[in-house]
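A lone chain, given as structure tokens: the form predicted on its own.
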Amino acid sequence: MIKACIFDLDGVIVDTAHYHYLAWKRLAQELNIDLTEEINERLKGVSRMHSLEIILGLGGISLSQHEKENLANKKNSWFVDYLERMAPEEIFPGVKQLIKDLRQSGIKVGLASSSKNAKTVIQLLHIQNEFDTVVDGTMITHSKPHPEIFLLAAERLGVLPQECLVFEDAEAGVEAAIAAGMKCVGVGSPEQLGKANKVITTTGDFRIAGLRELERN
């Protein structure tokens, strides 16, 4: 049985991915690198430093660890500035109701985001009390597609991995959920998230009845 649902944040609950893109694009422009939205898909669900490595690789740029950390911190500063404009109205339609329905059905709800700003985001959205546990990028060593973040969330929720259902919008996140031995609902494109057990257009499209369907499959 599915006893817990674990949500990614960016692109699943709210479009913070757009703010990440604006900040990374601004940094890339400083480095004379053209960061397109297509390339940006590779940055979704991975750590800040890994994202930076991808961007530097586009420009064939080699930097010291100290220089990389400075750039990553600059990007994060811009990202946090963008976040300050975020409001609860930006939560995707139907998400709050879905979380409410899950909790009322006795399903535990967790958040597992590679972002180190996840707790700030959910506070700005006024949903910090909707989760039984929150795991963010400050609490893990390995980023997705490594399963660490989801395994830690399951442990903190007090459930087995096979009792969890993950909601993810990134290919790396779907792979992480599968590697953790969990069921996964992909949010977005079937072409990109085809490895998921089920793919929906937006998180709010999911219904509680879908849990039983996924348990049978």
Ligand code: BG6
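Residue indices: 1-based, along the sequence shown. Predicted model only: the values in this text are computed from it and were never measured.
Just so you know, the form predicted together with 6-O-phosphono-beta-D-glucopyranose exists too; it's not on screen, but the next bit is about it.
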Against 6-O-phosphono-beta-D-glucopyranose in the model of the complex, would N76 count as a contact residue? Criterion: heavy atoms within 4.5 Å. yes
Although the partner isn't part of this model, could you tell me whether K116 comes within 4.5 Å of 6-O-phosphono-beta-D-glucopyranose in the model of the complex, counting any heavy atom of the residue? yes
In the model of the complex, L43 touching 6-O-phosphono-beta-D-glucopyranose (heavy atom, 4.5 Å): yes
is_contact(K25, 6-O-phosphono-beta-D-glucopyranose) in the model of the complex, heavy atom dist at most 4.5 Å: no
Can we say D10, H20 and S47 each have a non-hydrogen atom within 4.5 Å of 6-O-phosphono-beta-D-glucopyranose in the model of the complex? yes
I need the one stretch from 63-71, 48-56, 187-195, 153-161 whose residues put non-hydrogen atoms within 4.5 angstroms of 6-O-phosphono-beta-D-glucopyranose in the model of the complex. 48-56
